[in-house]
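Take a look at this single chain in structure tokens; it is the form predicted alone.
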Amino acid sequence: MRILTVEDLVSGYRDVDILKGLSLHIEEGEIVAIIGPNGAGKSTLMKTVFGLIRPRSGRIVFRDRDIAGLKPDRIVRLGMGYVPQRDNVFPSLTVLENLEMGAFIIEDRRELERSLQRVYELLPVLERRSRERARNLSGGEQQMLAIGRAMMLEPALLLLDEPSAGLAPALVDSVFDRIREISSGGTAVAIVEQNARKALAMADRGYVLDMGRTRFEGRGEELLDNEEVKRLYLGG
């Protein structure tokens, strides 16, 4: 069943349109990779879907509801999580406090504890470092914390913007392993990623964006084997 539908989306900053009629969709529980050159509109797409940028026109339908123009706090309550590329943890707070911030709508302490345990099972490093200040974590641990905070409310759809940015190769593998686990638990994942080959290899489906539009779409392995995609976007 389709969980997100984006139709003819136009969005941008001030007087500049970055997305120029973009359309895509995401099914329940699948991983969708969104790749493309710098300036293609990948991060703008994420921010617009999550309500950080108000679209100029088009539809964003999440769980059968048009959410175009809704504020992020309302979108979170509908079941969507978002992990931005930068500034995605509260550095002065502990790991535990960061996770609790992600569960801001949970009032029952027992429910909060259950959410914490689910996240700790998914990301054990967070339980081991729960009393550490976020600023003292490694880059990979901070990325895990940002993902864990977004998972505190068990979102039906998780948006990840460049989760491997700045990480060593071994840490990239660990982050991608956790993304697979999140998907296997039933959460749909949309991942914007410069590591295009790795993202497509993991994804059920993928989209290649260029100049604010969808240039190619298909199953992950199909896009990896597409000669034009390889030549234009995968370096050969």
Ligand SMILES: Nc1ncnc2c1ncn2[C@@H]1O[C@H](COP(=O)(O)OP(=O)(O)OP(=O)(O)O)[C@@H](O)[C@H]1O
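Source: prediction; values computed, not measured. Residue numbers here begin at 1 and follow the sequence given.
Form predicted together with this ligand: not shown, discussed below.
Engineer: Among 65 to 73, 195 to 203, 169 to 177, 35 to 43, which stretch has residues whose heavy atoms lie within 4.5 Å of this ligand in the predicted bound form?
Structural biologist: It is the stretch 35 to 43.
Engineer: Although the partner isn't part of this model, could you tell me whether Leu224 comes within 4.5 Å of this ligand in the predicted bound form, counting any heavy atom of the residue?
Structural biologist: Contact with this ligand, no.
Engineer: Even though this ligand is not shown here, does Ile18 get within 4.5 Å of it in the predicted bound form, heavy atoms only?
Structural biologist: Close contact exists here: in the predicted bound form, Ile18 approaches this ligand to within 4.5 Å, heavy atoms only.
Engineer: Does the 4.5 Å heavy atom contact test between Glu162 and this ligand in the predicted bound form come out positive?
Structural biologist: Looking in the predicted bound form, residue contacts with this ligand include Glu162, since a heavy atom lies within 4.5 Å.
Engineer: Examine Gln85 and determine whether its closest non-hydrogen atom to this ligand in the predicted bound form is within 4.5 angstroms.
Structural biologist: Within the cut-off, so yes.
Engineer: Just to make sure I understand: among 204 to 228, which residues lie within 4.5 Å of this ligand in the predicted bound form, judging by heavy atoms?
Structural biologist: Contacting residues: none.
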